[in-house]
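Given as structure tokens, the chain that follows is alone and in the form predicted on its own.
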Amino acid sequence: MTESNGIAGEADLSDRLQQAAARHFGNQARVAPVSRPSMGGSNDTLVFDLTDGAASRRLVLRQETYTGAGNPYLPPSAQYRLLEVARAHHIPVPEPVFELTEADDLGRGFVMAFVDGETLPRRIVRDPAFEEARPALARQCGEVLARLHAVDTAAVDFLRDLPDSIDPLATQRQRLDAFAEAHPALELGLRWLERNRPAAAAPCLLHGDFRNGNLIVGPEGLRAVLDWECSHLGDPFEDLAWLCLRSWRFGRPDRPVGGFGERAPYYAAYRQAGGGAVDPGTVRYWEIYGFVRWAILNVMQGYGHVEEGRSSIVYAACGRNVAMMEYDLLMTLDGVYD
């Protein structure tokens, strides 16, 4: 029996996945679950092996988990389309394999290819195995974002009517107000953003959560970009700034780009790959926006734990972490943090 959100429970997940594989690959297909690496804020992840005749490959099942009020995340069908678009534009992402159907009885989601590598940020920024990769990562991230921002928005027209695509600042205001919680630091941040808004830029395709933790890294550097559920259209500096938040430095505040790199090579690689010149002042604006946005997303998860019955240590920790983000926001506004 499935849970209320349509996601199969652990006891019968393997059977349902086996039946789905048979529908998509034929009765000879066999699956063997390998691991469940994460229970994210919007998607659950299961790694499994698929044997199809004599061939075998490792795949990843992604199932939608967040269905609460004011859900800001893209549905899995849109995420799947974004993977297809990204691959067509030579952006490193896992190969999309198939979407779940109603007959699969596994909720909403999709299956993609497994990409080997490290995703844990603290290992990426500290493990000696990635010593050679770290200097290259900032440049590689700049190049990937330049290619992403060059995608013709006609290819992702389904993102055009998203609230984040229309007015990201108004959207954050509406989301915060919906939770009826007092957050003076976020109110201050929103007021600063309203008063210092830069000139509107031509909208481009944004990943929306391009950061350490959503990157697969090997000893040679970047292998794949994950987690496209926050994608929308907007100012390219929003993506560039998001990777520079202190939240993604994981104990290396001296390395402003993801905890592994410096701003100069990151910006230079973006420009050289066709992304245009980078204005540090506009990046700072979007970093302040990023702290506000990230804090509000965590308010949402904490609210789900307390008020919506989505009890989870992960969601509870998100609620607790809001204060840390508010502190980083205030220190950045005051010029203490870069």
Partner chain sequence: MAQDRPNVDNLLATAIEDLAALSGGLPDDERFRVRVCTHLLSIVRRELAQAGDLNAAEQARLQDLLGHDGDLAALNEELSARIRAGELDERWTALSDHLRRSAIERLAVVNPDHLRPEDSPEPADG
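Residue numbers count along the first chain shown, from 1. The shown structure was predicted, so the numbers you read here are calculated from the model rather than taken from an experiment.
Omitted here: the form predicted in complex with the partner chain. The next part is about that form.
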Listed residue (A185, A150, A136, A268) with a non-hydrogen atom within 4.5 angstroms of the partner chain in the model of the complex: A185
One residue of R197, R191, R160, H90 in contact with the partner chain, assessed in the model of the complex (non-hydrogen atom, 4.5 angstroms): R191
The partner chain contact at R263 in the model of the complex, heavy atom, 4.5 Å: no
Proximity of D254 to the partner chain in the model of the complex, heavy atoms at 4.5 Å: no
The partner chain contact in the model of the complex: I313, any heavy atom under 4.5 Å: yes
Distance check, F25 to the partner chain in the model of the complex, heavy atom within 4.5 Å: no
Residue stretch of 128 to 136, 200 to 208, 214 to 222, 170 to 178 approaching the partner chain in the model of the complex, non-hydrogen atom distance within 4.5 Å: 170 to 178
